[in-house]
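Just the one chain here, laid out as structure tokens, in the form predicted alone.
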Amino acid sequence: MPVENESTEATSTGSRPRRVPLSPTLAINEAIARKRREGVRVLPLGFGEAGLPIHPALARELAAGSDRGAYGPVAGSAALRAAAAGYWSRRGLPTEPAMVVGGPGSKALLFGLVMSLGGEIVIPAPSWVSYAAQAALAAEGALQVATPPGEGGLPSPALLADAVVRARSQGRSVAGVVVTLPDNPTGTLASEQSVRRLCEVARELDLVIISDEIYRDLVHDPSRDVPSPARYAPERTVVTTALSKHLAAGGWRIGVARLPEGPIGEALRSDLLGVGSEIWSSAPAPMQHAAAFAFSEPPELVERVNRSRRLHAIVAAAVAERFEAAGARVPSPEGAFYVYPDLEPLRDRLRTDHGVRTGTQLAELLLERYGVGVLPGAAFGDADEALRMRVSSSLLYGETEEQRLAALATPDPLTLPWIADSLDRLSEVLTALTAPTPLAAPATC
């Protein structure tokens, strides 16, 4: 299982770094491209790209807005904010357009929010690679708190209270807490009970909650509710999302944030707009036009999201099964396109046969010897000794637009030759990695 150990103590990333390395998710993407240029057969399981074509209707709307070259309001156009407000309202989060802020991707908005809050920011361990980096760059660092068993993306409420009280007793300022629903990297979804308890702790300790819900429309079971903390602590919860994942528009860089009503939200909105005015001025106008269309959820885009969700669920489950068959422990994927296998049961064999003692060494071995690109758990705040890794299944859908559309359309994408071949290759690599080394034949006279 992932870190998810209630006895794990919180750790701090410390002060701001003097130099900023390339984000691990982008670095693994470049490493895989390098392997391909070298003629190596690769399995691209490291980058969190949705792996699907842009829907033609969305591309059409972008083209329709391409003549919009003027700066707009820092908060975003009225059309974008109204559409995003409707999107959240349909999900049980009544929203006024005035409390919506648009930006060039939710990643930039998250950075602006962290900068506006200041102090240290509590993040789950493990969690998306950029939370800790942004907290170190824009605030006073990240305070990492382990997730509850089986509930990635949520700092343990019990550990959260202790970590914040301890940090404040040392004179440190802790301003907010980040949650991810559903989670990257584990692909799991926290329970309503745990989210409610976290909200209680946040209220008791006067913490702002930033709820990154960029994957909420990709929960594998569409009947399952996403327990947004904006329901249980509405006065102190910010919600962010974007088109990057559910509509596979990662390169478009357009996102929105829902600020809470009341004094906390008003102050935070003012600060966020100030940050945005100095960093991005306003989100690209053509992208805003297309995003307003997307957040209005026309039927053709709803159908695409439904097909995408189903495809992600089927292929992620198949990848998890291949790791389980090799002897790994794997939390059942519940959302997005991530699997988080733990090869701890195979530690002795990996050390004896391959000299592997850390998750980083394991990821390096997979890439350099087998052409399999994954990210070690250490990139997400896990202990480097842990033999965990994040595996992204979404780039297995095909190398061409034709193949990816076929993966979306077919009732059973696992029967498509290119997907079946990739899964078989994964099994071959895992067998080579974990099978016992054959004993040498006895010498003959």
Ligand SMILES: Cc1ncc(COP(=O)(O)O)c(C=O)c1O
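Keep in mind that what you see is a predicted model, and the values were worked out from it rather than measured. Position 1 is the first residue in the sequence shown; the rest follow in order.
Below: the form predicted in complex with the ligand, not depicted.
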| property | result |
| --- | --- |
| Touches the ligand in the predicted bound form: R216 (any heavy atom, 4.5 Å) | no |
| Distance check, G276 to the ligand in the predicted bound form, heavy atom within 4.5 Å | no |
| Distance check, S156 to the ligand in the predicted bound form, heavy atom within 4.5 Å | no |
| Touches the ligand in the predicted bound form: R269 (any heavy atom, 4.5 Å) | no |
| Option from 241-249, 282-290, 297-305, 367-375 whose residues, in the predicted bound form, bring a heavy atom within 4.5 Å of the ligand | 241-249 |
| Sole residue of P260, P341, G105, P227 within 4.5 Å of the ligand in the predicted bound form, by heavy atom | G105 |
| Contact residue in the predicted bound form, chosen from R253, R349, R309, R197 - any heavy atom within 4.5 Å of the ligand | R253 |
| Heavy atom within 4.5 Å of the ligand in the predicted bound form - qualifying residues of 123-137 | W128, Y131 |
